[in-house]
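Below, in structure tokens: the form predicted on its own, a single chain.
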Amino acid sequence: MDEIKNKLWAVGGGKGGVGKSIVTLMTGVSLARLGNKVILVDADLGGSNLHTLVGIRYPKYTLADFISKKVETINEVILSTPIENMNIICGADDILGMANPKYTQKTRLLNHLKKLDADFILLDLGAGTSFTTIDFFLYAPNKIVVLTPQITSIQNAYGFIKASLFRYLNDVFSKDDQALALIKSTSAPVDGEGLDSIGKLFEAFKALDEGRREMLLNCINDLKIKLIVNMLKDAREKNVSNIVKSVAKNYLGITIEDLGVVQFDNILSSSINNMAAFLTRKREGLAGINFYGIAQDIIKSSQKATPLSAGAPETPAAR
């Protein structure tokens, strides 16, 4: 994981329509214009659209070619974009069943991703909480969840974070029936039952042993997540991230950080259908300024990143 701890960032979210692909794209553009070599990876294997946003209507190569072994290395499916320093790997939505790759296919893909020659690799994940989406999210050392001020988006963002944590715990304790029973009770608590938070799960682990309690604590502390609130129309809405952070802390034990907010921008919104031309014009609206700020924070975060703590559990897809 040391190979990718500073450069691999996964961008996820609990539902469609939060602007996740635009956030991935515009963050990548800002990083590239700040002098970094960037590769965007459309990891939405069932409904890719990132290539359309950069003006590639019919990609010559996609992840399908790599996953199906039509090409040997992932470098062979990298395509250029109109933005200097930024390339793209297009998603694989043209083969039936590609949205749910086999374990060996997924492992091969992740192993090749970490070998890419780039300063930053941004994974644009699919919406929802499928195992493939969650595994990509967990594999990346740097995790971003995108949400909007809508209540449904806030709820789904929290649901995505919760699903990620319990996917992680289920994998780490996969061979421990006693621990798994307690984890299952906490992930889907029944009314009247006591295990409805990670705090209570940690207390229940007292019946096991100190080693397993320490593993549980390591898992919780290892899940580092940052939030971006997108399409902000009112300054008061920027505080919606506090709701997710508070609930995640109280019920999941996870400390989540803000990465930034992106104001609703009429210029950007009206340019979605002609995004490639918009990008080459380099017009800076309100959102553009926000994305530069986010990019600068990502660069700073990568520069001060420290190695993963010794003995910390691996994420599921890394095994």
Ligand SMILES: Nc1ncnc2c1ncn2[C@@H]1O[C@H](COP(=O)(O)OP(=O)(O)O)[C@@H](O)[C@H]1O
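Heads up: residue numbers just count along the shown sequence, starting at 1. Being a predicted model, the structure only gives us computed values, none of them experimental.
Below, we turn to the form predicted in complex with the named molecule, even though it does not appear here.
- You can rule out all but one of 33-41, 247-255, 65-73, 269-277: in the predicted complex, only 269-277 has residues with a heavy atom within 4.5 Å of the named molecule.
- Comment: the named molecule is not present in this chain, but in the predicted complex one of 230, 153, 133, 241 has a heavy atom within 4.5 Å of it, namely 230.
- Contact check for residue 10: no non-hydrogen atom falls within 4.5 Å of the named molecule in the predicted complex.
- Not displayed here, the named molecule is approached by residue 18 to within 4.5 Å at the level of heavy atoms in the predicted complex.
- For the chain shown alone, residue 262 is a contact residue for the named molecule in the predicted complex, at least one non-hydrogen atom being within 4.5 angstroms.
- Interface residue remark: residue 298 is not counted as part of the site for the named molecule in the predicted complex, having no heavy atom within 4.5 Å.
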